[in-house]
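Only one chain is shown below, in structure tokens, and it's the form predicted on its own.
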């Protein structure tokens, strides 16, 4: 009965969990009873799924990370190659982001060319990294001005169970923080690359995306895929974290995007930003712990 209700009336099924009846009452859905205000997976509206991150998991990459957010699994690898600086601006390197959502990640993705969603995520990630100077492309210059590094970020979603954007940003951030570049000696006239001697990539800011879905009058943090599909609007906040006295500081905002109805008053958006900053602090702490840089 419960599964039939979910399959035939998915929006009503989700709304049943989120309605606010008399707080003294409980309501049943199928064979079990839920307290009002809980989502189908048992979380509150402002509660996120468990997150794990492993860095350095791909030995053939210059930096890598594997991130799991609930049932969503994303991996990112960073590969660095030497090239000539761009003609129009010879004092910087390149950053190329590609987000792949292959058919294996979800039955909703069909084989064929790159999906518009993947292309949109690629552009959003690259624009954020460059415009917010999370990666300073001028630091990618090697020697004077005749060589530069090109950083290729390949992000692959292995399992899409919702909120891929946050997982993509977290995996890319973790992989970049794990990236080390080989030492290049150009004193002899031709570049000599030492892959044994490396230096870490400079990251002034760590971009962390925090997303919400707008379902009827409810704002759901870290939505899973069914909540995303049933929601009419979405909000994503990019928080820029940086280390301050060994601890993450998450006061800077790198961007805010909203799609679809309903419209939200400015006070509600400010509230979402403040909640995103608290969530970003937890993610930054997790990243520092995973990389062994957490200071107590």
Partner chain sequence: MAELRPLRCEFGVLERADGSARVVQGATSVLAGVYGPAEVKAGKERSNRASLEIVVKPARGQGGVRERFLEQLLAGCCEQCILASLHPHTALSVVLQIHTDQGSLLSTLCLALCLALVDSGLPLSSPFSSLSTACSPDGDLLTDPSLAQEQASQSLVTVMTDCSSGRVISTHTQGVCSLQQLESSLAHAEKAGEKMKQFYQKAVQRRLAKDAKFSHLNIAI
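Residue numbers count along the first chain shown, from 1. Treat the numbers as computed from the prediction; the structure is a model and nothing was measured.
Just so you know, the form predicted together with its partner chain exists too; it's not on screen, but the next bit is about it.
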| Region of this chain that lies against its partner chain in the model of the complex, out of 149-157, 114-122, 78-86, 181-189 [heavy atom, 4.5 Å] | 114-122
| query | Is residue 194 close to its partner chain in the model of the complex, meaning a heavy atom pair under 4.5 Å apart or at it? | reply | no
| residue 262, heavy atom within 4.5 angstroms of its partner chain in the model of the complex | yes
| said: Quick check on residue 61: any heavy atom within 4.5 Å of its partner chain in the model of the complex? | reply: no
| Is the gap between residue 282 and its partner chain in the model of the complex 4.5 Å or less for some heavy atom pair? | no
| task | Note which of 243, 38, 230, 269 lies within 4.5 Å of its partner chain in the model of the complex, where distance is taken over heavy atoms; exactly one does. | result | 269
